[in-house]
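Single chain ahead, by itself, as structure tokens, in the form predicted alone.
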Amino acid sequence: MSSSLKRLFSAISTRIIAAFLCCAAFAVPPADAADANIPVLVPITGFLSLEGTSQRNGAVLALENPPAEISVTYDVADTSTAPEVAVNALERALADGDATAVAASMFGPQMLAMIPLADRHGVPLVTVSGTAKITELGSPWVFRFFPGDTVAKVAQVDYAVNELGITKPAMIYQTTAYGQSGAAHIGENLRRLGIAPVLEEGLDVKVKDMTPVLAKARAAGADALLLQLHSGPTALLVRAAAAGNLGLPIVAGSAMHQPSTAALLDPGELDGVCAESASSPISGGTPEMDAWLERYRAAFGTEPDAFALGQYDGTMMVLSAIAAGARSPAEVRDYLAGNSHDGLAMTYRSDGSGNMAHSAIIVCYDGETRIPRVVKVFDNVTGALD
């Protein structure tokens, strides 16, 4: 890949004219060639920059490698973390009326603000947002290619309780919609297993000093920490716990599985830390996964995570829909709603509400490396794949 193309990948709000590349590769397109315009609207700056960059990379890698009969154009726009920024970006992307589908923000509040606009224009939003509510509003245009809280929190709590044997957890969550959604489902699953948290503490994303909340957990008699924090706060809390010799198991949300989060910590600080996720590409897998891993590294010079892979799988399913004959946004929506897709991370199928991912994994770090090991798979949690 040329250095100029790499610069295009890393630019924010940069026009990436993929059609030009496709035309160069296929000077004489096949007779049944299809055009697709799939804008990428994701948070690349702000407190979700690590996660959002991964999401962007996954979408871009798919859009740069469409089926041969498809010519793709796309823009990449930074939605940061403000809902109004995301809405404005979506309005601009849909203004021409030629968008086939949208790779939409992973940030729950932004998705909640974007959904009415997608409903009005009739364009599918393909996302990896974990916020449960985005698929509970009855919109037929939202498709989530990442296990939502109804799946991921089952894995997180079941592993903590049934594998680690915790009985007195402290639940620490972000006060964002993402954090509150996850906290609600963690609490629900704990109650299902007859356990009540000894501490429930919400943290603003601006909180940098984690010492006070860890002191509260210790004083409450917690025997483990269950986290639902974004990447930066997760790293800060794990570091503070290690520095303070807290000595409690930590089972975190999916932010912890990210290589970019682990890179903020020394391997020793990660000893015994576990996390739920949809997948862990760097932990190894199938030959297809390994090949994708190498393509990702070559394109972006970084390690991929489950957000990148989930957005890649979702975008590839959109392209598969077009390859199968879907030409309008409504036809793409119908394909996504009615078909299954064998992605690299898992098999995807809508449960009728746009939840496409129904499996989750637990990864744990051994204190020696930043590459986690998959310790348990929770497959088809919702039963939607039966």
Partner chain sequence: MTLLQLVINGAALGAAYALVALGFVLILNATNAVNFAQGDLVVAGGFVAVALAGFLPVPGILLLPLVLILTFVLGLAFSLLAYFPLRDRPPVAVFISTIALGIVFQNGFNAGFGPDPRATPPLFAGGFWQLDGLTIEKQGAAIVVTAAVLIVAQHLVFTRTQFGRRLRATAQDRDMARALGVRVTWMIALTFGWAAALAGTAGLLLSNKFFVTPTDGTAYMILAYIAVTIGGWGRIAGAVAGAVLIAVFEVVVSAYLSYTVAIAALYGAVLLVLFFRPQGLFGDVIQRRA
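Just so we're clear, the structure is a prediction, and the values are computed from it rather than from any experiment. Between two forms, the rigid core is the largest collection of C-alphas that superpose within 1.5 Å. Residue numbers count along the first chain shown, from 1.
One more form of this protein, predicted together with the partner chain, exists but is not displayed; see below.
Could you check which residue among 139, 167, 88, 260 gets a heavy atom within 4.5 Å of the partner chain in the model of the complex?
Of the candidates 139, 167, 88, 260, 260 is the one lying within 4.5 Å of the partner chain in the model of the complex.
Only one of 198, 113, 213, 184 gets a heavy atom within 4.5 Å of the partner chain in the model of the complex. Which one?
That would be 213.
In the model of the complex, which of 335-343, 39-47, 317-325, 353-361 comes within 4.5 Å of the partner chain (heavy atoms)?
Comparing against the partner chain in the model of the complex, the contact stretch is 39-47.
Is it the case that residue 231, even though its partner is missing from this view, gets within 4.5 Å of the partner chain in the model of the complex, heavy atoms only?
Yes, residue 231 is a contact residue.
How about residue 83: is it within 4.5 Å of the partner chain in the model of the complex, going by heavy atoms?
No, residue 83 sits far enough from the partner chain in the model of the complex that none of its heavy atoms falls within 4.5 Å.
Taking 4.5 angstroms as the cut-off for heavy atoms, does residue 109 touch the partner chain in the model of the complex?
Looking in the model of the complex, residue contacts with the partner chain do not include residue 109, since no heavy atom lies within 4.5 Å.
Can any non-hydrogen atom of residue 120 be found within 4.5 angstroms of the partner chain in the model of the complex?
Looking in the model of the complex, residue contacts with the partner chain do not include residue 120, since no heavy atom lies within 4.5 Å.
Are there residues in 116-143 with a heavy atom within 4.5 Å of the partner chain in the model of the complex, and which are they, in order?
Sequence-ordered list is empty.
Aligned on the rigid core, do the two forms place the Cα of residue 48 2 Å or more apart, comparing between the shown form and the other one?
After core superposition, the displacement of the residue 48 C-alpha between the shown form and the other one reaches the 2 Å mark, so yes.
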